[in-house]
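Consider the single chain below, provided in structure tokens and representing the form predicted on its own.
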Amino acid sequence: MKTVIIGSNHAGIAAANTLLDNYPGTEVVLIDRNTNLSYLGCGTALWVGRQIDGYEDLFYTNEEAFRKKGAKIFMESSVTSIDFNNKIVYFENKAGEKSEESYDKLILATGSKPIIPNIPGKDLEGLHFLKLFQEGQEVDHDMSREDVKTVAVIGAGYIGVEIAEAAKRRGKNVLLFDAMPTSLASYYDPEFTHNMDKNLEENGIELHFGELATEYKGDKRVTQLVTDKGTYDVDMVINAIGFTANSDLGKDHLETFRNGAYLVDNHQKTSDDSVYAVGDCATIYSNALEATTYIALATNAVRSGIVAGHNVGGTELDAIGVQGSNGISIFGYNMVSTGLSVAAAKKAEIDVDYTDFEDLQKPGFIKENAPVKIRIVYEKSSRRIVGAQLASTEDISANIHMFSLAIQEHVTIDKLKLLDIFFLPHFNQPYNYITMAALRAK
């Protein structure tokens, strides 16, 4: 059997490795328009902010590794069209040479693409997006210019907040804009995001929330950013307002979700029995929502690639859904969440309640210590846990995995109240904040 995979980042790589490592004799063809594969884009801000030595270790595999496994791989090759009826993929390399590959099974792993604001001045120099490795290089290069003193970042989601920190670490004046009233509004409730906003301000980032960009100004290069509330002198603009599914190749043939992502079943199969879709170009099932949705995360991409790889290879494997678990660390302040915030649940018309608690991570006699804030969100009718948020300067990241499993397995808030949680002063308190939060639930 021959499988063609279009796209060779996290989802495509996971699918390819699953097929090559588990199904001997399977013919695998990888096609990608980029010069590289396996770039960990989540490390871009660390590299640009000089928190790591360079970008070299942000790649976890390469072309040669796949060729050694027997795959055929075409880099810097753009797919121009797909004949779904005759199962042929047409593509062209950077030299203009045209090629085609037939397939028995096709896996679409084309990822996502940045949302580009359609406002005046969008073609000026000095405007950047962050998705590909090359875009990270461009941002890093531009930030190295001596005449770049002030950097505007549009979008205060994860990427925007992280690159704002990176720019500040490079000694720039940083202005952070978002249409929402706080940073990270898609992931956390205001009681948590306000703490992150304070953290950003205390570290010298100028916040402009509740503002909408309306125009970029400049002769050849951007020199001003105009919003619905003012005009700001800038030397560089980084757009980080979000992503949408890159589904152009199959949107006229395959069923799609409301945002254009390919609709897939729990085997990652699309409406065409010979075509699978994985990663950011496809839908995913949310255990918190109990519904199909769209969540663009590298972890989801890897899992979907594994599921598709096994099903294409002949082993039936069901996806078990996701919770959208995520985390961020900015100037030493850590936040993690999974499932739904209260705001997200309200938007989804799920009637929820929540319980909050705040305490030190360890007993008061431990010197290296800090407060931890926790919120657990649960559905009123069933009392099942649907979300959790934690924040601290302590490393509280591992706690979120338990809540992710709780959401997946429909654990109720009451089951959590007397959960056996170990205690040792080096790590935590005898009255653990997870226990205390659960006990306070109505």
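As the structure is a prediction and not an experimental result, all values here were calculated from the model. Numbers follow the displayed sequence, beginning with 1.
As for the form predicted in complex with a small molecule, it is not shown, yet the points below apply to it.
S.K.: Please determine whether residue 33 contacts the small molecule in the predicted bound form, using a 4.5 Å cut-off between heavy atoms.
M.R.: Residue 33 belongs to the contact set for the small molecule.
S.K.: Find out whether any non-hydrogen atom of residue 293 is located within 4.5 angstroms of the small molecule in the predicted bound form, and reply yes or no.
M.R.: No.
S.K.: For residue 165, is any heavy atom within 4.5 Å of the small molecule in the predicted bound form, or not?
M.R.: Contact with the small molecule, no.
S.K.: Does residue 336 reach the small molecule in the predicted bound form, with heavy atoms at most 4.5 Å apart?
M.R.: Residue-level check for residue 336: no, no contact with the small molecule.
S.K.: Can all three of 287, 372 and 396 be found with a heavy atom no more than 4.5 Å from the small molecule in the predicted bound form?
M.R.: Per the other structure, none of 287, 372 and 396 touch the small molecule.
S.K.: Just to confirm, with a 4.5 Å cut-off on non-hydrogen atoms, which of 362, 269, 131, 172 contacts the small molecule in the predicted bound form?
M.R.: Flagged contact: 131.
S.K.: Tell me, which of 297, 366, 343, 263 has a heavy atom within 4.5 angstroms of the small molecule in the predicted bound form?
M.R.: Selected residue: 297.
S.K.: Which of 192-200, 228-236, 314-322, 245-253 has heavy atoms within 4.5 Å of the small molecule in the predicted bound form?
M.R.: In the other structure, the partner sits against 245-253.
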